[in-house]
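The chain below stands alone and is given as structure tokens, in the form predicted on its own.
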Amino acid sequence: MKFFIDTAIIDEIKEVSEWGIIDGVTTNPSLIAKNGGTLLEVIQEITKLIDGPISAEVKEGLAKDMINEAKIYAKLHKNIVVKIPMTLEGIKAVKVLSKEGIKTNVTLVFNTTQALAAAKAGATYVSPFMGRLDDITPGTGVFLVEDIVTLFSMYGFDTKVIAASIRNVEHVHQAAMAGSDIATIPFKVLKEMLTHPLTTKGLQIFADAAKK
């Protein structure tokens, strides 16, 4: 399973780029706002740090407007993936963009029928939101990821699954066990993944033994 970082904060991306385990980046308008720059400025900075898929989200609206905006982003760099909201207009946009060779990530997916529609339209990725589903009914997010993975395999879709709205390390574990192709993970959770109380305790035991 690949790891993407879900952020637009350049300092966070700079740090994780040195770890050697990050395969891509996802951003959205709220993350861009936290960073303080414009989307174009932030995306251009990210392309210098991560050599992998970088999702840039268009504004929700009519298909023709999303298509025009997507083409602007796609020209920025070969790694740009255009994030499209899961709406009827969004699906129309994905169909056109996929025919033109522009990679897309259909976001805000909350059931299997949405995921299947996105895949049929030619989406490169779909992003089921685990955390937001769990907020409503705890424990259901992982089942959605698992079902989408199963259906895509069953019907031979090339569309990849990005487990999104990751809230904690357990979500990453669940996404991996469900067979998700990718998990897009906040910086805080990425750091938590690399620690464990018993690891810390073991290191202290070793350090104390070395002193003796």
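The first residue of the shown sequence is 1; numbering continues from there. Note that the coordinates shown come from a computational prediction; the quantities given were computed from them, not determined experimentally.
Below, we turn to the form predicted together with ligand G3P, even though it does not appear here.
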Residue-level question: is R167 within 4.5 Å of ligand G3P in the predicted bound form, judged on heavy atoms? yes
4.5 Å heavy atom contact, Y73 to ligand G3P in the predicted bound form: no
Within 4.5 Å, heavy atoms only: does N28 come near ligand G3P in the predicted bound form? yes
Is K120 close enough to ligand G3P in the predicted bound form to count, meaning some heavy atom within 4.5 Å? no
Counting any heavy atom within 4.5 Å as contact, can you tell me which stretch out of 173-181, 36-44, 159-167, 63-71 lines ligand G3P in the predicted bound form? 159-167
Given a 4.5 Å distance limit between heavy atoms, list every residue of 1-24 close to ligand G3P in the predicted bound form, or none if there are none. D6
